[in-house]
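Just one chain follows, in the form predicted on its own, and it is written as structure tokens.
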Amino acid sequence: MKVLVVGEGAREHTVCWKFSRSNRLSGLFAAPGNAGTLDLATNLPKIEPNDVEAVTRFAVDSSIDLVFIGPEAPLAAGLVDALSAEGIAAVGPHAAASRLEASKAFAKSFMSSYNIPTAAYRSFSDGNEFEKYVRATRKRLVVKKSGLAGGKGVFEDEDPDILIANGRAIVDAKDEVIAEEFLTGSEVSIFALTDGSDYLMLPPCADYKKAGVGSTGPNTGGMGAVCPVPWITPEEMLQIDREIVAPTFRGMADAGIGYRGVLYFGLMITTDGPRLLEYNVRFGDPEAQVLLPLLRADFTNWCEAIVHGSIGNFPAGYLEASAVGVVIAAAGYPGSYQKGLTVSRLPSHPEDEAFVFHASTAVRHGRLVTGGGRCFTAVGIGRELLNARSRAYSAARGITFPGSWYRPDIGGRIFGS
């Protein structure tokens, strides 16, 4: 089987690594890939993930059997629609279903229609109406960009003037803005694989979105993650399935939303039970880096079960272990940062103990260099969370480039992460 992985981040490096362990592959390609995928796949550096025509043309010309789309933007742009028209199997939803992530306004309306518990909200496309609402309400609010924002379109502040400024900037950019009730509790990430009829829930993850120690500072694309989540009980997983996951898939069937791929449920576990914050239509990053190493079965078989409608009978299995992922970032991230920094050292560990996944890297003139804000994810695997955490930080300390930094508290305390 010939597989194409679309994307260039740590999530896609992890997916390529998982596919590379399959004994069923005759070819593995990454578009465009990064310095990490070079060791696993044939990189296609001239093909951008959002170039639907170029990706589809390569898949057709190269007789690709399966395409795995990592990021959200190509999904929203209709890559799966284009591949399907050519008879090429793809893991990911069509553009219409991708609105569950590409439009928070659409997603919140869907939640309301199917009685899926979520935070109270209002959506606005007029800046003046939005400002009136923020100044009139006495509840603490969260302001969100409705469209795709790369994990950085959420604004939390008790100062209404700051919320109004951020909201007006969203409206001025011709997008809707969501004003949502601020919820307190512990966040958890749930991923389900679906073939359009059945679904399979994976072990829960928790990610760390804030840049600073103790979950302070600005939001980022994610500074680390753990899997599974120790404080989520089997009974709570059943409740999450019963109240949120199952109603979502019933609602999708009722609304005629065909979906074959990965669906993310971003949850807040409150004192009143789980509340759905958002959907994503793909694996999260950095959650993929801690989740995928714990899946036992051949990843090619997982994906075939999705595209061929047999996920309900798939014999899923997971390592009896924990995983902790620590993101190594460039100085200044999530603000301005330098690119092209030389990476002088990467650690080496036994594969059953630790991994280093490249997030934004390239090889230039024989040198490994950085290419973005989040550069690597160091992942530790252990029988217990503390053991996995120790191995993750051992790997993180071994990654060296000018100004590199990471949060020192990943996995130490995940409540309110």
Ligand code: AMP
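The shown structure was predicted, so the numbers you read here are calculated from the model rather than taken from an experiment. Residues carry their position along the shown sequence, with the first being 1.
Just so you know, the form predicted in complex with the ligand exists too; it's not on screen, but the next bit is about it.
- request: Taking 4.5 Å between heavy atoms as the contact cutoff, choose which of D298, E156, D198, E236 touches the ligand in the predicted bound form.
  value: Contact check passes for E156.
field: Selected contact from A119, L319, A331, L148, since only one has a non-hydrogen atom within 4.5 angstroms of the ligand in the predicted bound form
entry: Residue within 4.5 Å of the partner: A119.
task: Decide whether K210 counts as a contact residue for the ligand in the predicted bound form under a heavy atom distance cut-off of 4.5 Å.
output: Flag for K210 set to yes.
message: Even though the partner isn't displayed, in the predicted bound form is E181 close enough to the ligand, meaning a heavy atom within 4.5 Å?
response: Yes - in the predicted bound form, heavy atoms of E181 and the ligand come within 4.5 Å of each other.
message: Test of understanding: in the predicted bound form, would E304 fall inside 4.5 Å of the ligand by heavy atoms?
response: It does not: once the ligand is placed as it appears in the predicted bound form, E304 has no heavy atom within 4.5 Å of it.
message: Taking the ligand as it sits in the predicted bound form, is V142 in contact with it (heavy atom to heavy atom, 4.5 Å or less)?
response: So V142 counts as contacting the ligand.
message: For the interface check, one of 77-85, 227-235, 173-181, 337-345 should have non-hydrogen atoms within 4.5 Å of the ligand in the predicted bound form; which one?
response: Going through the listed ranges, the match is 173-181.
- request: Heavy atoms within 4.5 Å of the ligand in the predicted bound form is the criterion; list the residues of 255-286 that meet it.
  value: Read in sequence order, the residues that approach the ligand (within 4.5 Å, in the predicted bound form) are M268, L277, E278.
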